[in-house]
Each structure stands twice: as C-alpha cells, then as structure tokens.
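Form predicted on its own, single chain, as structure tokens, below.
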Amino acid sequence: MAIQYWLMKSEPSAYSISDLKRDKKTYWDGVRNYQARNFMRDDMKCGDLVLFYHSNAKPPGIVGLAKVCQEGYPDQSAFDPESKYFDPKSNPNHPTWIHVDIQFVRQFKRIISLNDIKKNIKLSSMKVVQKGSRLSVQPVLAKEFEEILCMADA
C-alpha cells in the first residue's frame, strides 16, 4: 500500500515537536472527534508520514515531520477517570476512542505558518486552510506534502 500523508495538530504547551524530538516516539491520545478517530482507526498505517502542526501558537503552523510507527489501538485515557480525556461511555471491550503512535523524523528549520500556507496557491485546497476545518488529524495530498517539504527546505 502506498504511503499516505497526514497533518496532526497539537498545542505546543501540551506537546510540541521539541517534546517529540526528546521522546523520539509518543502515542497520540485524547482525540475526541469521530472523523479524526476514524482516520486513525481505519486509514493510518505504519510508515505514513505526518506533518506536525502547532495549533494555538503564535504563529500556528507546521514545525516538523513524524512517521506513524504503530497503527490504531484503544486510547486508554478514555477509561481513566483521572484523565481529562475520560469518556464514561467508552467500553474497554468495544473502545470508542483510538490512537496511534508516531515517531520523530525531523524538526523544520523554520515554521511553515498558516499564513504561509494560505498564501501558497499550490496549497489552496489543503484541509487546514478550509473554513471550519478544525480536525486535529486530517489527510494531506501527496502534492501538498511535497510542497510543504519544499517550503521547509527553502
């Protein structure tokens, strides 16, 4: 199967590209949107590449590259009453929430800001620039992924 490309958002105050670089690998927990969950459960495969996006930052933007290293499995935080991601309706026998593991690939030398993305005509159909698109996990087309890498390396 061909490699797929994704954009995953994280607030840098919660978990940043620097944290991933330090940890080398992490699980992407706390996703509580069904469409984003479905991407992780049904579509993300080991080897897929991820654009790591800092949201709620100044400026927001893509800061690095990661790779999916473990396909979807139950998000244990949904079962932990002490977790901010606890979901009392989620059942361990039929888990509602899924997460994947990602590993660090590289941090970009500069942030590819949301403004930079919006200004690039080749990225005009990218999900992250679409009005109302707030998904924390979203697919990226191969041509969009390549353009982001070109911008990062410029």
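Just so you know, these numbers come straight off a predicted model, no measurement behind them. Don't overthink the numbering: it's just position in the shown sequence, from 1.
Another form exists, predicted together with the DNA; not displayed. Remarks below refer to it.
*Asks:* Okay, which stretch from 63-71, 100-108, 125-133, 43-51 lines the DNA in the predicted bound form, with non-hydrogen atoms inside 4.5 Å?
*Replies:* After filtering at 4.5 Å, what remains is 125-133.
*Asks:* In the predicted bound form, does residue 33 have a heavy atom within 4.5 Å of the DNA?
*Replies:* So residue 33 counts as contacting the DNA.
*Asks:* Quick one: does residue 56 come within 4.5 Å of the DNA in the predicted bound form, counting heavy atoms only?
*Replies:* Contact check for residue 56: yes, within 4.5 Å of the DNA in the predicted bound form.
*Asks:* Note that the DNA is not shown here; using its position in the predicted bound form, name the residues of 101-127 with a heavy atom within 4.5 Å of it, in sequence order.
*Replies:* The stretch 101-127, when checked against the DNA in the predicted bound form, contributes 114, 118 at the 4.5 Å heavy-atom cut-off.
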